[in-house]
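Coming up is one lone chain in structure tokens, specifically the form predicted alone.
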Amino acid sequence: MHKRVIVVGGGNAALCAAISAANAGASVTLLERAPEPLAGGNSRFTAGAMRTVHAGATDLRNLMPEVSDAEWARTDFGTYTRGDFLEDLGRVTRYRTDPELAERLVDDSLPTLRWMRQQGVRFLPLYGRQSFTVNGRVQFWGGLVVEAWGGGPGLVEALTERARDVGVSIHYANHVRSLTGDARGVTGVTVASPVGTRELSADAVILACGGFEANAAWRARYLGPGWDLARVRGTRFNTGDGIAMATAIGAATRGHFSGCHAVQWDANAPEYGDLTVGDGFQKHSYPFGVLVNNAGQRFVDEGADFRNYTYARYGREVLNQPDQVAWQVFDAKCDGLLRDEYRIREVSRVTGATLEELGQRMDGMHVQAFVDTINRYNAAVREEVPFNPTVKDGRSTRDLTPPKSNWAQTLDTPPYTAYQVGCGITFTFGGLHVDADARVIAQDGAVIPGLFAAGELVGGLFYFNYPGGSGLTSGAVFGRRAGENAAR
């Protein structure tokens, strides 16, 4: 007899779980809170980058067979070992990450991407965001080389098509309100839909419905004062429902509830993500410029590390500034280094022929303090060190607080440009206590039979920060494993 599995959610983690369970012989129902035009969770708003272990061209060509021989010949992808991934994950989380969850994520990363390829997901090199051309060769940096074809929307579309092909019954505008059962076993869900509220029974339930980033009250409660003012980068439907319904039956919480992934986001972006713009409101070329607040002061080391390892925490730093905004400042030398998101129509940008003129056009700026800050910065740049955007080049500042550790360039070539940014929250780090087999753990430390979880609501994996591209990979790895185990 087929196992009956209910998946709660509609993004990458949920769809991977549903496909995996169906492939293992289960009868699968997927319940997505959002209406179909807004479905897909935060996954739909991403660029589709996925961090994975790889040994170079052989591994990557199996994932991306459509890439031409000429492209392979002119590109240096490097390698990204198990040790590299574990060290990056440990370093940015200050070694708080759960070792078993971390090892599962890392060890299953490449096998899971291969599995996704078998399910119809196509991948391509992350040229536009993770590479620069140096001496005629394309060089990748930061350990991140793969993205889903079509970005987040393409990923969700491919997984949804596959889910339907393998028999998953998908229901949109179905809001799961609670679990039936208790810590001794879960037997189904209560769901509200356009036709009313009903109970559905199941042998297993997989929660993959996101964190609490779209819940302003929870943000203020757990992340702290001011976080209710942050913009939400993605879906409005991730309000902590999965965490709430699981803890209501005795599930344990875990992880960094006062921590989150938050980036520099256009200061005038809407309250929630806009699918027509996607992730275009992000502004991630800050390592090549200078970041100042409205008092005209720098407040972070823009070049502390590759943006992959700083962008998820610098949104918090912006939120802490006066008026909860900051400005990314560049000169004409930087134009070729800026990512495509700086060229969208919906951008908060001012320009000036001089630093004084630029400062006058920056709303709320203390102009003289701004000019003095840039002049001190320019005088501190170690111009004798070569500039190289593909490595941590050591081109730093002398005797400057805060320092700029890499990619320091003088801002002295007009026209000057400044982009106003605020804080955009992506997802929260605190969640449910889940083991490496995606089983939810009760407050007494026992496994809750029939309850699994994957995606953003898994607690214990990310603390303080996260390596770029590991969120989608985590969702796929633990979603796939949750589906396999639920089908048993």
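One-based numbering along the sequence shown. Keep in mind that this is a model prediction, so the values were computed, not measured.
Just so it is clear, the following notes concern the form predicted in complex with a small molecule, a form of the same protein that is not shown.
**Q** Can you work out which of Ser109, Thr97, Asn406, Asn238 has a heavy atom no more than 4.5 Å from the small molecule in the model of the complex?
**A** Answer to the contact question: Asn238.
**Q** With the small molecule left out of view, which of Asn174, Gln264, Asn308, Asn293 would have a heavy atom within 4.5 Å of it in the model of the complex?
**A** The residue from Asn174, Gln264, Asn308, Asn293 that makes the contact is Asn174.
**Q** Within a 4.5 Å heavy atom cut-off, is Gly255 in contact with the small molecule in the model of the complex?
**A** Gly255: no contact with the small molecule in the model of the complex.
**Q** Taking 4.5 angstroms as the cut-off for heavy atoms, does Asn12 touch the small molecule in the model of the complex?
**A** Although the small molecule is absent here, Asn12 would touch it in the model of the complex, with heavy atoms inside 4.5 Å.
**Q** According to a 4.5 angstroms non-hydrogen atom cut-off, is Gly431 in contact with the small molecule in the model of the complex?
**A** Gly431 lies outside the contact set for the small molecule.
**Q** Heavy atoms within 4.5 Å of the small molecule in the model of the complex: does Ala34 have any?
**A** Flag for Ala34 set to yes.
**Q** Give a yes or no on whether each residue among Gly289, Ala326 and Gln420 has a heavy atom within 4.5 Å of the small molecule in the model of the complex.
**A** No: none of Gly289, Ala326 and Gln420 comes within 4.5 Å of the small molecule in the model of the complex.
**Q** Which single stretch, out of 326-334, 204-212, 397-405, 410-418, brings residue heavy atoms within 4.5 Å of the small molecule in the model of the complex?
**A** Going through the listed ranges, the match is 204-212.
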